[in-house]
Each structure stands twice: as structure tokens, then as C-alpha cells.
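In the form predicted alone, a lone chain appears below as C-alpha cells.
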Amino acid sequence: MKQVEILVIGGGPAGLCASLAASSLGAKVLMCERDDVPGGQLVKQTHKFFGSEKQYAGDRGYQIGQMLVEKVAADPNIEVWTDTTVLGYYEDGVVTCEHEGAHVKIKPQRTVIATGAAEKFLSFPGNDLPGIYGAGAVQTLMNVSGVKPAERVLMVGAGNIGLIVSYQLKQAGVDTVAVIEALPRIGGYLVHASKIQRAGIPVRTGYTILEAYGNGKVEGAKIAKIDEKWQPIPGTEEDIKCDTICLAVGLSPLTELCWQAGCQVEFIKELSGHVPITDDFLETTVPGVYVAGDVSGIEEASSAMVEGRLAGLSAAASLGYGKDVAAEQQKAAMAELDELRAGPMGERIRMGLEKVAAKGGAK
């Protein structure tokens, strides 16, 4: 049985920042990451971040990831286990994982769950054909493995992920024949939409995919315009020739460990699925268990990093570390989150957080 002060589950942007924040107050941290290199989604993000200097504006995602990983590796208070899959959280607070070919038990005093999210899928005829990917998987193939994933792509979804990956496909020499979006308007940031439109990639709002077809692999797709009841409009069907269909239809929080830990978990549409109920300090309804990042609601990586910092500070402070500075740093992190969630683009998140508060928490 390995005894630790703070266990951080997940080495993405939230987990890295949680580890660094907890360590900065003097706590000892074990961070478990299932991949061979920490960084999470940052590893494959080649676009520049924007916002303020506090959120690394102007730096590319992979550069931010490298910087955080280097800081963690150099921190004597942080132990990192890579290629480590956390398997379960038990009633007595014991966490089990697979590490270096062995089944290991960990007994943390505090736990930060930063497990991220998984891509959503769509049901339509032919969706099991080879050549249908999630947008994140395509991004991994291109930006991590250096593989050109297609020749002609139909992108389904015009949120930030769909727009960013469409542009990166263009940079990789892939022809994105169209981006279709069921909503009447683009869901992602204008800066990303403008880039792909300048690159000549058409964006079709109010459209959905009807089916994929092909002999043993994707050869094309049928799309159609939809009405206000989300039903295809007869006579608007189109045949799109492509060898790959890329689905960018959202993410779902990976809350399995929260369920296992006994946290109160509720379905909140605005946060993209079932999420744990938390207080202002990101502590769940199970004392000593904190969450950060997409597991607590889908947002941008900038918000995940700040949430990670807040959760790490909160976990360390609850152990008695940093009594003189923790409260001030926590307050600053909360103010930073409020900034990131301000304005029209943050309205959905604010609505979701209001529901969290109404159900017993106040994130």
C-alpha cells in the first residue's frame, strides 16, 4: 500500500496545474497518467492560445504542455507515474491502479480527479465504416503520430474542435470538403471560423449527416438541411464525396471515478453531461475528493488549467499547507475563472454552474 498526501489522477492541463499548485504550498504529490507522456490534449494542440498572459496567450498548446511537464519533472515534491491506468476508487478511500505491470494500491489523504473527457459519437446508417473518426483522434494522428489521416474529409460539427481540426487538416494537405453544423450558427470562436473560411473551407449551418456509404470503407456521405424541429427537409439532400468523416460533436466528462467514490453526480446539459457537484473550492460531496478540468464540465484548456490550480491549492490547504497564502491564491484563481467565463461565449458555462449551485454545490 502506497501512502501519499495528494493523489492527482490525470496528467492533462488540469492535473499538471493541480500538482504544481499543491506542491507550491509544500504538499507531496503523486500524479498518475495513463499515457506515456503527460500533457493530455495540450500535446496535440498546435494552435496559439489567446486571452491573457496568465493563460499563456500567444503560446501554442504543445508548448504550454511541454513547459508544464518540465516544471513537474523538476519539482522534488511531485512523483509522476506514466503508463498508469487508475482502475478504481473504493469505499475506504483506497485507489487502485495498474503500474509497471503490477496492481498497486494507493491510500491518499486527498485526491484530485482530473480525468478529462471522451468524444461523443453520432448514430446514423453506415457509422461503423472504416474512415469515421472523432476529431480528437484525427488531431492525434496528425499532430502526435505524424500521420496524414485522409485525402478528403467531411467535418461534422462547427464548434472550436471542429474548426481548429479543419484548419489543421488543411495545413497537413488534406482537403476538407465541407464543415456542417446542425445549429443555425457556428458554435466556435470567430477567430477559428475566419481562418478556415479564408482557407476556402465552406461551412454549412443548419445541416446534418443522413448516412455514410462505401464498399468496406467510407466513400461518401449524404447530408441534408434540417428544419426547426431538427428533421431533414425533403429535397435538400446532397451527396458529398469523401474518404473520411470526422465527428466533432462534443465531449462527455469522464466521471466514472467520481461515481465510484460516491460523489453526488448530476446531469447538467450545459456542462455536457453528468458532472460531480462541488463547492467553491472544487471539493465534491465526498470530503477530500476534488475535481478539475473537463471532468467537472467541458470548457477550454485555459479554464482547465486554472481549475487545476484551484483544486491543487484547495487540497493542499485542507492539509494545513500554505495557511498564509492559500486563501489569497484561491481567491485569485476564482477571479480568473470568472474572467474566462465572462461574455456571451461563457453564458452556457455560467448557466451550468448556476445549476451546480442549486443542486447543493457552488463551483
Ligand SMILES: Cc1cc2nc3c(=O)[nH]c(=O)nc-3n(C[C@H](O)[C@H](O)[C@H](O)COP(=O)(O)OP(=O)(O)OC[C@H]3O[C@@H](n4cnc5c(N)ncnc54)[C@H](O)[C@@H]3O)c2cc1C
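Predicted, not measured: the structure shown is a model, and the values here were computed from it. Each residue number is its position in the shown sequence, starting from 1.
Same protein, other form: the form predicted together with this ligand, not shown, and the subject of what follows.
- Item | All of Val80, Gly312 and Gln330 with a heavy atom within 4.5 Å of this ligand in the predicted complex | Answer is no for this spot.
- Among 25-33, 330-338, 317-325, 66-74, the region lying within 4.5 Å of this ligand in the predicted complex by heavy atom distance: Partner-contacting stretch among the options: 25-33.
- Query: Which of Cys246, Ala114, Val275, Leu282 has a heavy atom within 4.5 Å of this ligand in the predicted complex?
  - Reply: After the contact test, the surviving option is Ala114.
- Between the options Thr205, Gln109, Thr236, Thr85, which residue brings a heavy atom to within 4.5 Å of this ligand in the predicted complex? Partner contact (heavy atom, 4.5 Å) among the options: Thr85.
- Message: At 4.5 Å between heavy atoms, is Leu353 in contact with this ligand in the predicted complex?
- Response: Contact check for Leu353: no, nothing within 4.5 Å of this ligand in the predicted complex.
- Looking at the partner-bound form in the predicted complex, is Phe49 within 4.5 Å of this ligand by any heavy atom? Yes, Phe49 lies within 4.5 Å of this ligand in the predicted complex.
- Non-hydrogen atom contact Leu154 with this ligand in the predicted complex at 4.5 angstroms: Heavy-atom contact with this ligand at 4.5 Å: absent for Leu154.
- Message: Please determine whether Gln139 contacts this ligand in the predicted complex, using a 4.5 Å cut-off between heavy atoms.
- Response: Answer yes; at least one heavy atom of Gln139 falls within 4.5 Å of this ligand in the predicted complex.
- Does any residue in 1-29 get within 4.5 Å of this ligand in the predicted complex, counting heavy atoms only, and if so which ones? Counting only heavy atoms within 4.5 Å of this ligand in the predicted complex, the contacting residues of 1-29 are Ile9, Gly10, Gly11, Gly12, Pro13, Ala14, Gly15.
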